[in-house]
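Starting off, we have a lone chain in the form predicted on its own, written out as structure tokens.
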Amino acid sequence: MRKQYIAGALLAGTALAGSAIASDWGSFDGVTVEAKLIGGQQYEALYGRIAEWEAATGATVDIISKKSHFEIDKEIKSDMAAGTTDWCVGSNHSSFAPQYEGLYIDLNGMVPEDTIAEFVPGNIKASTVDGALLMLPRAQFDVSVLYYLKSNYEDADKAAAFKAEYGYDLAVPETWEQVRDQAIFFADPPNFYGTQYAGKDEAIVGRFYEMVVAEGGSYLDEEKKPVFNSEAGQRALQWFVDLYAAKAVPAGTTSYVWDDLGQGFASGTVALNLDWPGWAGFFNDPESSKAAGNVGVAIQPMGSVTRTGWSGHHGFSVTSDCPNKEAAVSLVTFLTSEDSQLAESAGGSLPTRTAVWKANVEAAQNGDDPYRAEALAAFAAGAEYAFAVPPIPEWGETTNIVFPELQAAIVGDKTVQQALDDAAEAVDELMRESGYY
């Protein structure tokens, strides 16, 4: 199925990609560009294209680190503290970019204006901090939707049992309350689980943040004071607590981040999974997923007020200490080019170039791949509810404070209210020390 995506997208995009294929990326014979990149199965197809850039330019790319973004973030901050930032290309993200003051160059002036204009304006805006374009967006615009195993909704016995227990018809959930009901109903631990969630680092705080918003609350107010220890915050955190207490999620969920979730759903042992676009092709590829052929995709569910929609996008940046910035900028431009984005988005991720987005939609509409069309429709609808994290350098630091408190409530070491109050008190101290009020 994933091969069908690639073929369809590339055929649809042949005309627009032709100029990109023929682009002159420069000549950098003997140059080595050191890179620190986010790792994960969904990123490998793009990295496989690096050999094409090397062949075209004569340069060599040395990937000196490949880790989850959370680990890369820690490593980069360690490099900044130690003054060892003379590597050249780094994976970046709109949620992380404001933290790296002075690390990356302004790509305005280094990248042609007409190239920058080919990206979705909103993604360029989110890649810009204090007027500096700190990264070029890759085909990884993220907003999560609901993946589900279709067979659970095609079983008459399950439907009858569910209605008898919960009083309403079993159907793909429209609300997070319904997700909780169904996850508990479907769960048969340790063999099968109703759902799962990322349980540590920024991952769980981001999920909590979007649930708070969906419940009508906020993470920080206009003065940057923490306000997540509200009724909306209590309802949001209680959702995580209830699922853990009911054993509807794997016992190890408090240590999960994105790769764990992707592999979990692909194992065919998880009924409902809120996840990112980049996994769409992986989940329905029989070579990588036991769920292939049984995967449905729907818009993310509603909270009490709106749908969840934590959003951001990945990109590539060039360090200020890079010894050959021209080569590094060439590599970054190549990795975010039209044909790179066509190839990467063929696996399900959402592109950040306008022409590539149009090509993917046309391929889905004109092709014979209903799953691809279903996934694109879900993500297009889900993107309408997208919202970013607070654009402050302290976002990441707040998540380091908040996630252990969320974990404490989930495993029962603290009450929901106590965990949120303790987290809010510590974040309040941070915001005061940072001079916001």
Partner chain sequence: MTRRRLPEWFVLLLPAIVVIAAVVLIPLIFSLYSSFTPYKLTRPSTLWRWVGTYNYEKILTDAKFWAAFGRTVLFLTVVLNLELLLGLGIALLMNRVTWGQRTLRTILMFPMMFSPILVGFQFKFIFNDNIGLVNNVLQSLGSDAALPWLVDGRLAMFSIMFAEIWMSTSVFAILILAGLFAMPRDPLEAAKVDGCTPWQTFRHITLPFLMPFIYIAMTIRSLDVARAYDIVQIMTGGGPARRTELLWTLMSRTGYVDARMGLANAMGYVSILLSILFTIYFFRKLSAARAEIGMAG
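So that the term is clear: the rigid core is the largest set of C-alpha atoms that superpose within 1.5 Å between two forms. In this text, all values refer to a predicted model and were calculated from it rather than measured experimentally. Residue numbers count along the first chain shown, from 1.
Only in words, not in the display: the form predicted together with its partner chain, which the text now covers.
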Verify the contact flag for residue 57: yes if a non-hydrogen atom of it lies within 4.5 Å of a non-hydrogen atom of its partner chain in the model of the complex, no if not. no
Decide whether residue 52 counts as a contact residue for its partner chain in the model of the complex under a heavy atom distance cut-off of 4.5 Å. no
Taking 4.5 angstroms as the cut-off for heavy atoms, does residue 32 touch its partner chain in the model of the complex? no
Does residue 65 reach its partner chain in the model of the complex, with heavy atoms at most 4.5 Å apart? no
Please name which of the stretches 402-410, 57-65, 372-380, 44-52 has residues with heavy atoms lying within 4.5 Å of its partner chain in the model of the complex. 402-410
Work out which of 125, 358, 77, 290 lies within 4.5 Å of its partner chain in the model of the complex, going by heavy atoms. 77
The unique member of 162, 276, 244, 87 whose heavy atoms fall within 4.5 Å of its partner chain in the model of the complex: 244
Does its partner chain come within 4.5 Å of a heavy atom in each of 169, 208 and 391 in the model of the complex? no
Using the arrangement in the model of the complex, list in sequence order the residues of 416-437 with any heavy atom within 4.5 angstroms of its partner chain. 426, 429, 430, 433
Rigid core superposed: residue 104 CA moves 2 Å or more between this form and the one not shown: yes
After core superposition, I'd like to know whether residue 294 moves between this form and the one not shown (criterion: C-alpha shift of 2 angstroms or more). no
So that I can tell if residue 82 moves, could you say whether its C-alpha shifts by at least 2 Å between this form and the one not shown after the core superposition? yes
Are residue 212 and residue 130 closer or farther apart at their Cα atoms in the model of the complex than shown, with the shift being 3 Å or more? closer
